[in-house]
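Taken one at a time, structure 1 and structure 2 that follow are two forms of one protein chain, written as structure tokens.
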Structure 1
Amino acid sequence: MGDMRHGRIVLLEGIHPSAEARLEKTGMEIVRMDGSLERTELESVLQNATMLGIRSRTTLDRSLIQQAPELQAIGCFCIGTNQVDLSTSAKLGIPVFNAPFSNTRSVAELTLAEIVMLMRRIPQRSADMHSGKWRKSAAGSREVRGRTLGIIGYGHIGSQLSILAEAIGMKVIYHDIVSKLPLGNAHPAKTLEELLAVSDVVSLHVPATPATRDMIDEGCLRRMKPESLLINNSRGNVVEIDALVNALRGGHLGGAAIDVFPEEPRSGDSPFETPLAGLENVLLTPHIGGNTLEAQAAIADEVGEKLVRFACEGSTGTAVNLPTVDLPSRGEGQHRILHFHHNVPGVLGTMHSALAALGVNINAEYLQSEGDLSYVILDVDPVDVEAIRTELEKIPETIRMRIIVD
């Protein structure tokens, strides 16, 4: 893990330009590639990438990460990190950063808009107008005021939606796998089954985990209130699409809004098909829940700054896959040693002995371990960088190391 100042940052998938202004602080070359890449192209890019910025369409599996000799950090310019093999990254001492909060408002606003649109049966009315039919009718059209919104997943987005929904007169209940403090007048449902049974609208805001895969299946849909609505702006594998299609065609559900799908195209040039296409009172959007200019700029700033802090200070305080290590900025003239190693007894003592033998004075130190991995930052008086690197790399447990000198 050498000097990052001479490295290369590669940004894929049209990441907002404000990221570049942040990343310029690293002194590295910045290369922008606006689309997602096929696997062979990605393999080639990873041969020379010191840092990689991606969004949700790029998958970094074990093989790709292991074959990236220069890669030192990954920035996911989105909320989720399930497109990256976090375990492999951690074992190699490669931090993964994301933006867990920056598009919260955008997703919540879209969800609220979809609730109103579906309650008023706007998708069907709009389709009629586009086909030259003037069907002015109140049939099936309702106000949202007084209706019950059931939120599954009461995290940042779910709780923000809760506040917005109450502001227009909805009653809010929620279900989460961990206890969450209710905001406003919202209250937790005793069970998921209770939430499904009493909600006029069910909105999903859960992460992609084994527990949430196909969590909304035929049984759950059957438990939902007749003519209720389902909204999924979370992850594509949370809802069984075929079961949803049957519930809509059979008339049990009154409508749905789906922004995420089990299989999504890699680019806008790729065709897209779904069994939901053509169904009445169904809103389909191409994974744009967080795609507002405000959200994308905020994400670019947040992840960009996290990458800068790792490059310039070694901070992993906001990484999703590594021990949390964060020291204040170095004092003037100080050198900073960053050392990832296997978490076994005696490594730190061996490091201290090696540094003492070289006459190195340690001014600050912070070690954190998690599982098999340990990460330590040491601030030292100016040193012979190559001598230290040679001695510390001799330690068998060393995974990778870097020394910041300016």
Structure 2
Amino acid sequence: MGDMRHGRIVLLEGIHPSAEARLEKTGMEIVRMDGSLERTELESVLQNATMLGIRSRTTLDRSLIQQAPELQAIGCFCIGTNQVDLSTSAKLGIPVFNAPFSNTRSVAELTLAEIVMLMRRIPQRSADMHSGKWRKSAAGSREVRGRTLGIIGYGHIGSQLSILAEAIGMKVIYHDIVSKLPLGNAHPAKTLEELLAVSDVVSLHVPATPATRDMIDEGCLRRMKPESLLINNSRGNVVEIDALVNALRGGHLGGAAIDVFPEEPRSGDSPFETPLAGLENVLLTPHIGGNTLEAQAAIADEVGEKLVRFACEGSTGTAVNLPTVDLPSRGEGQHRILHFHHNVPGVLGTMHSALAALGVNINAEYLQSEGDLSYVILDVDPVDVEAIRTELEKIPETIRMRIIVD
């Protein structure tokens, strides 16, 4: 790991300009590209990228990561990180950062709006108007005030929705597998079945796990109140789509809003089909729950800042693949040694001895280990950088190291 200040940050896929403004603090050259790259172009860019920023369309597999000689950190300017081979990057001491919360408010807002739209049967009213039909009627149209919202998954999104829904007068109950602090006047349902039975709207905000796969099946839909609404802005395989289609066609459910699907096209050029198309009072959106300009800017700020902190301080706080060390800034004039190594007994002792032999005075030490990997950061009085590099690189367990100077 060399001095990152002379490195290059490559940002692909039109990452929001806020990221650039943050990353300028690193002093590195920043190259920004609008689209994703073909494999050969990506290989070539990776020859001299010190940090790479991507979104969901760039896949970084093992061979690409192994053939990136300068690469020191990867920023996923999105929520998911499954497009990156996390284990290979971890083995090479390359942290991968993402933005797990930055778009959650956007999803909560969309969900709230959908509740109102479906309660008023707006999808149909709007479609009628677009085809020249003036059907003014109160039939099936309701206020949301006083009605019960059942939230499944009371995490970052579910809990924000809880607050927003109460603010417009809804009663909120929730179900989570983990005990969660109820916000406002919300309270946990005793069981999932109870939530389904009493809610006028059921909204899903769970992750994709084996337990949530097809979680809302025919049996669950049957337990829901007649004419109630279902919203899925979480993951596509949480709801059995055919069962939902039947519940809507048969009139048991009053409507649905679906943003995520079991199979989603990779790009806007591919066609999209779903058996939900054309059903009454159904809002379909192309996985845009979290896609707002504000969320994009917040993601750029969040991941940009994490990359800056890694470049300038060595902090791996919230990295998804490496031991996380989130540490205070260096003391005035101090040098900082960052050392990734295999987690076996004796490495720290060897490092201490090597540094003592060079007369290095250690002022602070931060260590975190996880599985096979350890990350240690040492704040030291100013040192002979090259001598230290030579000695520490001799330790066979060293994966990579860097020394931050002024």
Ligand code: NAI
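Source: prediction; values computed, not measured. Start at 1 and count along the sequence of structure 1; that gives the residue numbers used here.
Between structure 1 and structure 2, the form predicted on its own: The chain shown first - structure 1 - is the form that fits the description.
Identical rigid-part label for Lys306 and Met351 between the two structures: When each C-alpha is assigned to the better-fitting superposition, Lys306 and Met351 land in the same part.
Angle, in °, that the smaller rigid part sweeps relative to the larger one between the two structures: Rotation of the smaller segment between the two structures is 17 degrees.
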